[in-house]
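Below sits a lone chain in structure tokens, taken as the form predicted alone.
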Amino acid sequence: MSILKMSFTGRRSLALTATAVAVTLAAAGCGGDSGGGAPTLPGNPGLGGDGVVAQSVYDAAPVATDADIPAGSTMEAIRKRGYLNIGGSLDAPLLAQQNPVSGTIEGFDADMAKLLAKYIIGKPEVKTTTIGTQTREAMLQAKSVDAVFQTYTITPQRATQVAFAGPYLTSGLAVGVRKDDTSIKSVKDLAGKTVIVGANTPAVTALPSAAPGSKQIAFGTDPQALQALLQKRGDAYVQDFTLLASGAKANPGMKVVGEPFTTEAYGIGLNKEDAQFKEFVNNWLKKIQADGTWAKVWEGTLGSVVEGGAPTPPALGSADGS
């Protein structure tokens, strides 16, 4: 799905602009103030409208049978170990952010990882190793982690080094600006501007044609890039919409404008040589898409700042490289 151009089940189709999302976020008073309670967000409060998935979703989630776990497989090793070891983030609101009070990691990617752990082990036990965008392939190749859940865009180039299960989520590059900026309304307005990007992200190659004459400043992490935007070190920040939406939730000084100008498919990164594990993870994705678990996770996390119901999940294997 594209979060901004979502295809819903049934006959309904909705184009939701990023500007509308920015208005929703601003109206909700979203912020990262640790001194107060979590803001009340629109969307799906029954599933944890503050971006937290309800415990009932975990309780009802499927568990693999012994027949699904062959002897000598990666899945058996994970089950014996007692936890799923993933590469991910701790600082991405709505995707994977560590709760400063409970210490738990919350968000769409984090919850998907926990559900995969439950499917394999019987309980949502996950160990998260924080990794940067430039080290994911090396970590998977070295088998330092079992999987990567980190808004990992599927590309043919990356697929020569790692395997991708999914896609399990789709989005696209969008534009983030400071809240008081009224001059930039879409990517077309970035021509000749100084634009902040994430190092080794699709924005680096997409911007020259989308915004001719723009100058790029790259940062290694999303929090660094967001801080640079708020410090006026660039005119805008081009990044995947899901990351910008999570940034807007935590930073009331920014907003997302226009619609995504690319389509990005996210996959679960796996070791390139482990075809058996890829098939297993894809079969699990089929199950949670069919039984409604995927939709409930989306509604409880990303859906908490987007009005409307959950979109149709992307078709497995539909992205070049998956």
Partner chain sequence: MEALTAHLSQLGHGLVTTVELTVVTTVGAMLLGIVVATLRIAPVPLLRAIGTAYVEVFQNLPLLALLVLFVFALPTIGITFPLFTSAAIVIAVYEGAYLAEAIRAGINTVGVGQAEAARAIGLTFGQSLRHVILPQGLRAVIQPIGNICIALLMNTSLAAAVGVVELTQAANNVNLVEAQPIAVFTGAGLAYMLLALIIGQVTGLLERRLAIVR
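Numbering follows the first chain given and starts at 1. This is a predicted model, so every value here is computed, not measured.
The next section is about a form of this same protein that is not shown, the form predicted together with the partner chain.
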> Pick from A218, A77, L90, A191: which residue has any heavy atom within 4.5 angstroms of the partner chain in the predicted complex?
Replying inline: A218
> Among S186, N85, N99, N200, which has at least one heavy atom within 4.5 Å of the partner chain in the predicted complex?
Replying inline: N200
> In terms of non-hydrogen atoms within 4.5 angstroms, which of the given stretches 242 to 250, 224 to 232, 69 to 77, 103 to 111 touches the partner chain in the predicted complex?
Replying inline: 224 to 232
> Any of the heavy atoms of K118 lying within 4.5 Å of the partner chain in the predicted complex?
Replying inline: no
> Is there a heavy atom of Q161 lying 4.5 Å or less from a heavy atom of the partner chain in the predicted complex?
Replying inline: yes
> Taking heavy atoms and a 4.5 Å cut-off, does T205 contact the partner chain in the predicted complex?
Replying inline: yes
> Taking the shortest heavy atom distance, is E137 within 4.5 Å of the partner chain in the predicted complex?
Replying inline: yes
